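Just the one chain here, the form predicted on its own, laid out as structure tokens.
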């Protein structure tokens, strides 16, 4: 069957009443779940998996995939409005999205995130329809050296995230050190756990985010008696003007491509894609002082990358039977429950199911855009709440979300400790962004580096003898070295002119 015939088959399957209802219901549930802190896409799909029992396989997949896509939209809402990350993928959006809210531009931040997510999701689905088997096989060429080079490129942005390079490096090193807590990724030896079994898997990333962003923000709010000054201003602007859209378009396109590529790589996930996109936009920013202070590109890029990664992660799952993320691992399990074997033959043996799923994702993506844009005006009215009420709401949702991660009180204590740490960091003007980058990317870099060393028997040239890793490392190092050389040349010219 050709492309148009397959597309027609997918639409005919989607337009069946039970499938249409499942897609709409899944999207609505996903957006709501995305808003709730502490519950990510994989948790939501796993918890709601029993809802799919007894349904036809295509209906079950459409319901769960709709939830998956919906969380990508919903997670950024509370990140932007009240600095509480709804999901781990939206955590990095807190950094600049909330600053836009403080400037009275909450509607703009929500609008550009919705547009970027829609365009990125559309791009990922086009790639899924046209190049899925080819790209999935190409992704298998990524081994530990390539993963390390990719993550290393993101880590290089730590020094350039803030105006104070020293402060950024200090915060980044704290994040890297925190990332070493838990079991050694190669030897399995416990590190810095102090005998606590709960820390063997490391510090829960989402609990840290809730503390650094939500709890610390509530503590900052309580310093003020009157309603917060950044709840004033124009809060109802829903869609960006042409100038603002044009300014963000490059970041949206870069986030779409980067997110799709990272999503295709097995086991990386949308969170990594969002943070790598933020790192890329921070490196490309002309005015580094705006990064972390309300840079629209640093909202549009990650907001696009996480949605593109969600679509991209379906490519290896459907084409090779290899889950690209935790959530697609659950979806893979659903296929296995129904006796459907993912892989290259899936596109020929179960054509209707695959194309019905793809078309339902198109609809889910469109519905997410409608919900996100139509909901901007009423959502921004939350910002008019007095500071004590808002602080109480943030604290309650933050602690409940932390406990919901693993039903463990330890995560609540972690959120509280990091809330106090985040409050102190903000009071002494120590940036949070490098710490988060170090905590997220550090363990991934360590694992890939040590696996590479094991594969090469300790030969560090393995990173430069493989074309992909060598290219990534070269680009990353050049992005650091060239600006330093340029600044040195300008300084020398300035001295010559003065002489």
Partner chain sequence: MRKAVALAALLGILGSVAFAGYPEKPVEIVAWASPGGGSDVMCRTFAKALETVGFPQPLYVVNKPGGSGAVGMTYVQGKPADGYTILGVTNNLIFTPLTTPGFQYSFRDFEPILMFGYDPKYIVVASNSRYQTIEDLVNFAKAHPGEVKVGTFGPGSDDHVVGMQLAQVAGVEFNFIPFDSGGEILASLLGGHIDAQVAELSEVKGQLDAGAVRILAVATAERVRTLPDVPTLKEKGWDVALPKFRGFMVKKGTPAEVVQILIDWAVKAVQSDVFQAYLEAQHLEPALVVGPDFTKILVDYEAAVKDVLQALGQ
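Keep in mind the model is a prediction, meaning the values are calculated, not measured. Numbering follows the first chain given and starts at 1.
There is another form of this protein, the form predicted together with the partner chain, and it is not shown here; the text below is about that form.
No residue of the trio 173, 388 and 431 has any heavy atom within 4.5 Å of the partner chain in the model of the complex. A single residue from the set 400, 424, 417, 141 has any heavy atom within 4.5 angstroms of the partner chain in the model of the complex; that residue is 141.
Although the partner is absent here, residue 43 sits close enough that one of its heavy atoms falls within 4.5 Å of the partner chain in the model of the complex. Contact check for residue 345: a heavy atom falls within 4.5 Å of the partner chain in the model of the complex. Within 4.5 Å of some heavy atom of the partner chain in the model of the complex lies at least one heavy atom of residue 185.
In the model of the complex, the partner chain sits within 4.5 Å of a heavy atom belonging to residue 323.
This chain is displayed without the partner chain, yet in the model of the complex the stretch 451 to 459 from 60 to 68, 467 to 475, 451 to 459, 28 to 36 comes within 4.5 Å of it by heavy atoms. Residues of 281 to 295 that come within 4.5 Å of the partner chain in the model of the complex, judged by any heavy atom, do not exist; none qualify.
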